[in-house]
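A lone chain, given as structure tokens: the form predicted on its own.
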């Protein structure tokens, strides 16, 4: 392997450009190949990469030309959701480690293909779920690991993000969310909320998700927004959006825990990932950034809890996760408050050192399959749906 890791990137839209800036800020890395369907995107990215690293990457509009193992040490998939697994499989077949940005799967069969390809080729693949590296998520995980929350019983998470403009201006901005919201009704973005929860619940490492039930509300938010937004694409008023405004998914785990996920992206609201962890001795709630512990709080505080909102800050000094202690000491950098730098640095470190990926093929399949299974549950009147064991029983003893 060369002194610098030679990286290829597929998808130079909004997310790809943000990732590009993060990757260019990581030592020992060069971006040597980029791909996008649109020339204006690749030209803008090429010019910025050349300015930052001193030489220009190769450019293509056909990602298949990037599967030459001699030219790349790793590939990052940052394009629209639909081809993520197809691309991951192709690069694993070519022996090129691949990191894949977040999104949900379109079929369970694709998830099995991902796992089987990894098992056969042994080529590393990682889901680049940056929220697994979030500062609060890791602090709470640290507290859970130390036993402060007791035995974990229930977790909640959400992707609660007002995306009405992004979706309804999808044609103008060439954004894939529009076609997905027109065609599908599901928990289409499960991994932001479920990734950190899976780490806390030891999913695929002594525990697994066994079934889910999903329910969607009616779809009214986007039509209302288009109808009163002057520069909106009024032709969309004649289209029916399949995606419900709020999708609620409940998951049952082998060890008895429950998880509630909420997708809420087409109504007016403030951003939240709704990260919540409840155990027999305490809880954390992102909605008011509060920690409640039996050892620190009393019953007479139950009805005056608003005074304790944002008290999680008081626990930072003692329970900050070691990853964040080191990161802050070195200097905060990268997008999404530093999470992007941490997840991409971890992927590239594992590629360079030949280490197992922290969010591997089994985790990727387990997290991404929620989209396809929630779609199935909603379509059948919110019937329970089994979640496959992608580890074929290895979850019982995996660490």
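Residue numbers count along the first chain shown, from 1. Since we're looking at a predicted model, the values are computed, not measured.
What comes next is about the form predicted in complex with a further copy of the same chain, which is not displayed.
Only one segment in the set 69-77, 296-304, 111-119, 189-197 has any non-hydrogen atom within 4.5 angstroms of a further copy of the same chain in the predicted bound form, and it is 296-304.
Interface residue among 144, 90, 182, 246 relative to a further copy of the same chain in the predicted bound form, by the heavy atom within 4.5 Å criterion: 246.
Shown without its partner, this chain lists 174, 205, 164, 321 as candidates; in the predicted bound form, only 164 has a non-hydrogen atom within 4.5 angstroms of a further copy of the same chain. At a distance of at most 4.5 angstroms from a further copy of the same chain in the predicted bound form, none of the three residues 28, 46 and 127 contributes a non-hydrogen atom. Although the partner is absent here, residue 152 is a contact residue: one of its heavy atoms lies within 4.5 angstroms of a further copy of the same chain in the predicted bound form. In the predicted bound form, a further copy of the same chain lies within 4.5 Å of some heavy atom of residue 213.
Not displayed here, a further copy of the same chain is approached by residue 251 to within 4.5 Å at the level of heavy atoms in the predicted bound form. Taking the partner from the other structure, a further copy of the same chain in the predicted bound form has no heavy atom within 4.5 Å of any heavy atom of residue 233. Contact annotation for 366-399: residues with any non-hydrogen atom within 4.5 angstroms of a further copy of the same chain in the predicted bound form are 381, 382, 383, 384, listed in sequence order.
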